[in-house]
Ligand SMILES: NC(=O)c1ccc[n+]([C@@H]2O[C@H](COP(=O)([O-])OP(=O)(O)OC[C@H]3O[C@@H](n4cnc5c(N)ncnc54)[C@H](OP(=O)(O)O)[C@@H]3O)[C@@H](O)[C@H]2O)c1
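Only one chain is shown below, in structure tokens, and it's the form predicted alone.
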């Protein structure tokens, strides 16, 4: 006899699960963290500064959330970080690899160091943290979900005219690492499927933070002209995507790159 069909409320329910979100207090990370908490998950949120992580954790709906200081570019700390989460909460079910920190050079000024730092933080550290979580899941013989935060700029090049004459650019190291991360996501998905671990990416389109949109309205107008929807994304518009991929609602989705870009890459 077939199992009864699960309801949509049950499929999206994350009650009882633990999710790690790195770089959680930022413009997009904070919305994704709230989404997972609203769906019932207990969160471990990170920031380079422990006090900032703890303060953000205290704002999340629900109970039991913790904030930890974590500098993922110091990859030697990753095993200890995962062990600390295990010790304090007993389990890890979801990882959202979101933290990023690197330089933003132009094509004419980018150095080898710019690329090394970007790849180390945004690809190498993502892989090592994901693998540490998968090792935990194997020990528990439990399913899990890894979500890497990519970018539309890992799929398409940028429009040079959108940046011309403005104090903002489209860094080549960022494009390179996000493209690499999206392909790494596919590779890990096929290797870890046997462990019942799903690996996907979410690639946001134009979601400029207030520190960019406020002082540079001309830049925003240029970006809006490139978007089929004619507007910028709002952080809450990532909430559905992250809950889908973290929950049983996405149980047959792996190795995918979900573009949330207002149609930007559909041109």
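Computed from a predicted structure; not experimentally measured. Residue numbers count along the first chain shown, from 1.
Omitted here: the form predicted in complex with the named molecule. The next part is about that form.
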Are 127, 180 and 254 jointly within 4.5 Å of the named molecule in the model of the complex, each by at least one heavy atom? no
Assert contact residue (the named molecule, in the model of the complex, non-hydrogen atom within 4.5 Å, options 149, 188, 197, 133) equals 149
Since only the chain is shown here, I'm wondering whether residue 67 would be in contact with the named molecule in the model of the complex (any heavy atom pair within 4.5 Å). no
Can any non-hydrogen atom of residue 26 be found within 4.5 angstroms of the named molecule in the model of the complex? yes
Partner proximity in the model of the complex: residue 173 to the named molecule, non-hydrogen atom cutoff 4.5 Å: no
The named molecule contact in the model of the complex: residue 231, any heavy atom under 4.5 Å: no
Stretch in contact, per heavy atom within 4.5 angstroms of the named molecule in the model of the complex, of 71 to 79, 135 to 143, 105 to 113, 158 to 166: 71 to 79
For 84 to 120: residues with a non-hydrogen atom within 4.5 angstroms of the named molecule in the model of the complex? 98, 99, 100, 101
